[in-house]
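Shown here is one chain on its own, the form predicted alone, set out as structure tokens.
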């Protein structure tokens, strides 16, 4: 039996809708071995699909099909530490766990780039699967069925405060509120800022992250779905955040700090105690620069 560790991820980073993401050191684990049939269980007690519609299972099956190797089934044990439907890449972690585990079982016939293309094909966009597989900060674009990307390592001095509410926000619901068309003015606004935030992570000019994370394409429409989200952004900036934004489709709110872990924890705790945030919790995380790995 092989075991894969897969990091959580925070996507979009405000302006980089469906294109930017960062891997975080909060992990899911997948154990996998060949088995006649479908046998899936949860090591952490979470409710998961146990049939062939399980995303880890179906993603692993896709790799066998791509490799043209007969697929007869798998035994899978999964440990889910990434919260479901909270904008921290839980579905992408499953996809990456499935494709990475299957590739490992098959003797690694596919490169990381080839696995990324398979994962993005399954997910439909690369913003979460790319950092989950490769680690670090990734800027991504789809060219037909190929992911074109650039990766940069994120320094340990940056801390990511993930503010996780007690309610889910399904990606489909979060996408449904976004207008199907945007003005040229708003498109230019986002293009300039996604370019700036990418260049800032590549160059280390983190003082630009606040401007770079500004967005007019999705966040103004999604924030009303996250009671307290606007307040967390405001309070994060009041406490010196480099950037604050909706993580992925939400409902998690993310703030980036350069102040040390203890100070970041103090700030996060104070923010959640200063308003109506009953049931919210926080994680203080670093970037994961390695991505999915076999243990």
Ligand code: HSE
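Positions refer to the first chain, counted from 1. As the structure is a computational prediction, the values presented were derived from the model and not from experiment.
Just so you know, the form predicted together with the named molecule exists too; it's not on screen, but the next bit is about it.
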- Message: Is residue 127 near the named molecule? Define near as a heavy atom within 4.5 Å, in the model of the complex.
- Response: yes
- Taking heavy atoms only, is residue 283 within 4.5 angstroms of the named molecule in the model of the complex? no
- Message: Just checking whether residue 171 would be counted as a contact of the named molecule in the model of the complex - the rule being heavy atoms within 4.5 angstroms.
- Response: yes
- Message: Within 4.5 Å, heavy atoms only: does residue 22 come near the named molecule in the model of the complex?
- Response: no
- Partner-proximal stretch of 23-31, 224-232, 52-60, 242-250 relative to the named molecule in the model of the complex, 4.5 angstroms, heavy atom: 242-250
- Task: Give a yes or no on whether each residue among 12, 18 and 175 has a heavy atom within 4.5 Å of the named molecule in the model of the complex.
- Result: yes
- Item | Residue among 123, 104, 79, 214 with a heavy atom within 4.5 Å of the named molecule in the model of the complex | 123
